[in-house]
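Included below are structure tokens for two forms of one protein chain, each presented in isolation as structure 1 and structure 2.
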Structure 1
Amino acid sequence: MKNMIEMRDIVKMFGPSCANDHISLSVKKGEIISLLGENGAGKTTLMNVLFGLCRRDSGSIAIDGVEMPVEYSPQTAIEHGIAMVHQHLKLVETFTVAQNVILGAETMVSRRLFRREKCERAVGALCSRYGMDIDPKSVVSALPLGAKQRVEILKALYRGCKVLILDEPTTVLTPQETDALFDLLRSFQAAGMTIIIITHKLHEVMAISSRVLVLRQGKAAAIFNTNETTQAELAATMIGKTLVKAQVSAQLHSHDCPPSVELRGLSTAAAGDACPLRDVNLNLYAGRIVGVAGVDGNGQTALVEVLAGVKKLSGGSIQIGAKEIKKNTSGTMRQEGIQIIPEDRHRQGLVLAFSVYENIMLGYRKDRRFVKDGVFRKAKARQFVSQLSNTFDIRPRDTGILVKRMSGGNQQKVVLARELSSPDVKIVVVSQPTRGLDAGAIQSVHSTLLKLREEGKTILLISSDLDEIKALSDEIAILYNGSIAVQRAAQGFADEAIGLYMGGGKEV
């Protein structure tokens, strides 16, 4: 069959560093192919080049047999049938689904006027054709993440795309949502669409794609047929060595020591569509990891916000050691030694327009080692930051680079480096710490958390990845509809029981 995409010897440089080093990729019509590679391997860049967002330095591209010029815009790419769903969704939050879908393609409705009903009907028809359960009239900000992503896909469909590029679509999805997405992708494939998907999860590569291109440090390391390879081989090709999975050595029961942090009856006022906390009771222990599992949108966000002190409590209190906190401000929570790794690293974790150095120093602006009389001691601070950059393997090592220019996974490492290296860490609250990280980075995050546990820190892990929760937690708590349904030892907490609590049921 004819090749839908032909990328030959693509080179893309960012300054002196080479993000894509002579990469070739051909994709057949109607094929689903995966891109796999460590954080910063150049996957997003390669797709940006194809989509016309980045100008390639050399190499050639043909789409459906048409040779593309050296420089072309996403608009041109779209005209050639390419659509891209980005790693971080690009929707207008205050617009409705229909408005978002039509935006930029208005002339297809009418040459002059934007006709709302007509748009909504067109988008609604598209939804029902592919069995997507989305109301075109609903406002995007009110939708859960999985639905927002489907709106991005709707945009692509509306423009009649022949090639769909998805950059890490599953990182923000629950397993159920991922399954639904894959079903959808298979139906697109059946309709003749070509799909390129980026993911860090090896089992997803095996499940959805027929071939996989593995990138390593900007080069094409290998290309495999998924039915002729194994997950272990993929992982080894990707990082150049084999991985050992981090796992909590021996899960400990918590009854034998008093809790270091007690959350008592935490409640927050309902605001918008986010789930508030409703009487959350949870005990945390020094030297233990308590994992909070649950379907996204059951109060995880509010829980982290409360502990970070950015959302006010409407009831309840937080007992840390001998201190009882009722008015939680971010200042006091930090003073108690709470470090936060928030779920939305772009907004809550980082100042994107700042450099790595500045982002890290923001967390150490009161540290006597680096600040004297309110003025930074630059030499010491710089040395410290580059040391962290080494320990956390932040790439590139140049700490003056702006964080917005880094790959998603390396951005997360900056947050981790800042939050987990302070000497006065007592309590660590981590929310979705490994979203978007590659297998190697996930392992290093996990071993960092385990090291903190060894050191006797109190750790609260919130994750929608159940495997992560099970591998790391001493105790598992399940958040359902804004309150803790159950908290118990991880050992012997069967998957079925966990699933039951997550769905709002109870064991009998």
Structure 2
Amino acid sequence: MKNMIEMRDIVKMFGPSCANDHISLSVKKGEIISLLGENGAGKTTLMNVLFGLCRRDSGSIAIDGVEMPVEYSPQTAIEHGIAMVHQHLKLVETFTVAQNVILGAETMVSRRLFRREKCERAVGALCSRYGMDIDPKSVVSALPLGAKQRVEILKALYRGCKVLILDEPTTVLTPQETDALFDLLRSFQAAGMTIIIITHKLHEVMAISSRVLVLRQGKAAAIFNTNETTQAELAATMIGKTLVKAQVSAQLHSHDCPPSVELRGLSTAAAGDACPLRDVNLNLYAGRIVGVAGVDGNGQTALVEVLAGVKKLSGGSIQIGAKEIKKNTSGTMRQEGIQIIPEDRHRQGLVLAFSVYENIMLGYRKDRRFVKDGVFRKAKARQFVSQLSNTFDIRPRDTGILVKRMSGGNQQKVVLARELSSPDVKIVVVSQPTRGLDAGAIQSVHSTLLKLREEGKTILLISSDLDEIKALSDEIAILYNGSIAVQRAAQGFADEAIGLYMGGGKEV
């Protein structure tokens, strides 16, 4: 079968660092292939080179038999049928779904006068054709992350793409949404589309792709036929060692102990299309992990914002020990020892124009360890950040590098390093902590959370990854339509029952 993509000996340098070291990749027409590797292995860079976002330093690229010049733009790639859905979505938040889809291709609707109604009908027809339940009139900022990703896919379909590149496409999806996405991709494949998926989830590689290219430290480590390999072999090739899956141990503390945190009837005011909290009751315990599962957009973001003190309560209270909090401010919640790992590291967790050092020290600028007689001790601070960089395996090790130049997974590690290393942490609220991380980094994060549990910390874990929820939680709570549908021990809580509550149903 004819090769749709032919990349030969691709080299891409960023200063002295070699992101892609003589990598070759051939992809057949109508094939689904996966790129697998640790954060910083060069996966996204390689696809950015193919899409025209990065100029290769050497090597050659042919798309559908056409040799591409050394320097070409994403527009040229689009004209040759290449589309890329990035891990960090490239949408105009204040525009509607329809406006985002047709942006830059308005003449495909009308060559003279732009008409919104005609645009919305065209996008609506595209949604119907591919079974995507999205209102073309919806403003993108009000959509959950999973729906925003589908808008990006609609943009690619609208332009008639032949090759679809997906960078970590399932990090914002529930298991049901992932299954639906894979069904959609298989239908694209049946129609002759070529698909390249960057992912860190080994079971997804095995489920969706026919071949997988494993990258390691910027080089092509190996390429496998998925029906001739195993998850264990892929993991070992990717990180050079066998992974040991983190799993919560037997209950450390008695179920009879009182909760360390009680959320009593929490409610928030409605804001646009975002789901508010409605009479949320939830108990958290020292030395235990309570996992919150639910379809994206059912109030998870509001719950984190309330505990961070950035969204005010319209009703209810938060009981922490003997203290009842009805007016939650960021200062009050910090004083109670609450540390937040937000779901969106770009908007809520990092200053992208700052370095690793600067981002980590944002959380410690008043720490007495680094301030003496009113003078900030830079040398000690830099030593501290360097130690955290090693502990959390932040790559590259240069703490002076700007965060915006790092891979998504390493950006997440910067947030984790800052928030989980505070000496005052008592309560940890983690939202999507492993989104975009590779298998080795996920293992490290999970081990960190379990260590905090063993130390007696109170942990609230919010994740769209049901496997993660089941592996780490002592108790599981299901959030549906802004309320807690059920909270019970994780052991014995069947997948079928979890899925039922996530969809708004109840056990008979």
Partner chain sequence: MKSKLSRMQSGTLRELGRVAFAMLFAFAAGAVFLMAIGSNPLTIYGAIFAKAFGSFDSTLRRATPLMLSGLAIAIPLQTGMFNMGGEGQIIAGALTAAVVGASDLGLPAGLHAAAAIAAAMAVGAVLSGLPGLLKITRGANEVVTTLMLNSIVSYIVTWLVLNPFKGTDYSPQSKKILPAAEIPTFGKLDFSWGLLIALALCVLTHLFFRSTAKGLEMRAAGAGPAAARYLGINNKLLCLLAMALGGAVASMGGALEVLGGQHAYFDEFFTNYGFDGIAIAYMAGSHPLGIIVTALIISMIRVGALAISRTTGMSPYFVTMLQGLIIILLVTPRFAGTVLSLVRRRFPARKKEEGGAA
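Numbers given to residues start at 1 and step along the sequence of structure 1. Between two forms, the rigid core is defined as the largest C-alpha subset superposing within 1.5 Å. Keep in mind that this is a model prediction, so the values were computed, not measured.
Which depiction, structure 1 or structure 2, is to be taken as the form predicted alone? Structure 2, which is the form predicted alone, differs in this respect from structure 1.
Fitting the rigid core first, would the Cα of A308 be found 2 Å or more away between structures 1 and 2? Where the cores coincide, A308 shows only a C-alpha shift between structures 1 and 2 that is less than 2 Å.
Rigid core fitted, then: does G124 show a CA shift of 2 angstroms or greater between structures 1 and 2? Yes.
Tell me whether S421 is among the residues that move between structures 1 and 2 (Cα shift of 2 angstroms or more, core superposed). Comparing the forms between structures 1 and 2, which are aligned on their rigid core, S421 does not shift its C-alpha by 2 Å or more.
Give the rigid core superposed Cα shift of D373 between structures 1 and 2, in Å, rounded to one decimal. Comparing between structures 1 and 2 after core fitting, D373 shifts 5.7 Å at its C-alpha.
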